[in-house]
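Given next, in structure tokens, is a single chain: the form predicted alone.
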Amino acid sequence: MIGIETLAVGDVVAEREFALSRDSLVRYAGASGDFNSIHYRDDVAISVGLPGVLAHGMLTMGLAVQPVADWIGDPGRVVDYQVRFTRPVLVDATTGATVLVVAKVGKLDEETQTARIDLTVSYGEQTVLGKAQVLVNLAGA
């Protein structure tokens, strides 16, 4: 069980890589209903000034929180989740893209039995989500 007494600020609680392909984007489009063609057609993405096909922002956001939900063992313990979209994830037609998520304890609150988990979400050498923070409830964990 994960209790507040077992954690310290700075602890890495989860780390995961997610491989994205153009197929991943098409599947996500079907699941989400977001069929904006910048997410699967290079010609359209380039015509609107983008460098190429981009992963859906909400897909990136959803992937980023998953390691925390897995670590805490119950997605219902996620009390709050916020991010700022800072850079797009370009998904190459041949090589795809890999998104790396590192989750660290940023703050512990013994009174409320919560932990703020700070996420570093990167693609290549660049951070793609800024101020990505997940608040989790540790009470009774």
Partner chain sequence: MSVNPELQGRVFLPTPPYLVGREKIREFAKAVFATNPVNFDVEAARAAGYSDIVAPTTFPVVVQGLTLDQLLAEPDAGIDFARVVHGDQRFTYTRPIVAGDELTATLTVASIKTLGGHSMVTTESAMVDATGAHVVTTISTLVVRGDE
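None of the values given here were measured: they were computed from a predicted structure. Numbering follows the first chain given and starts at 1.
From this point on, the text means the form predicted together with the partner chain, which you will not see here.
Counting any non-hydrogen atom inside 4.5 Å, which residue from 61, 105, 100, 46 sits next to the partner chain in the model of the complex? Filtering the options by heavy-atom distance leaves 61.
Would residue 28 count as touching the partner chain in the model of the complex under a 4.5 Å heavy atom rule? Looking in the model of the complex, residue contacts with the partner chain include residue 28, since a heavy atom lies within 4.5 Å.
Partner contact for residue 92 in the model of the complex: the partner chain, 4.5 angstroms, heavy atom: No - in the model of the complex, heavy atoms of residue 92 and the partner chain never come within 4.5 Å of each other.
Hey, in the model of the complex, is residue 20 touching the partner chain, heavy atoms inside 4.5 Å? So residue 20 counts as contacting the partner chain.
Can residue 113 be called a contact residue for the partner chain in the model of the complex at 4.5 Å between heavy atoms? Outside the cut-off, so no.
Within 55 to 82, which residues have a heavy atom closer than or equal to 4.5 Å from the partner chain in the model of the complex? Contacts from 55 to 82: 58, 59, 61, 62, 63, 65, 66, 69, 70, 73, 74, 75, 76, 77, 78, 79, 80, 81, 82.
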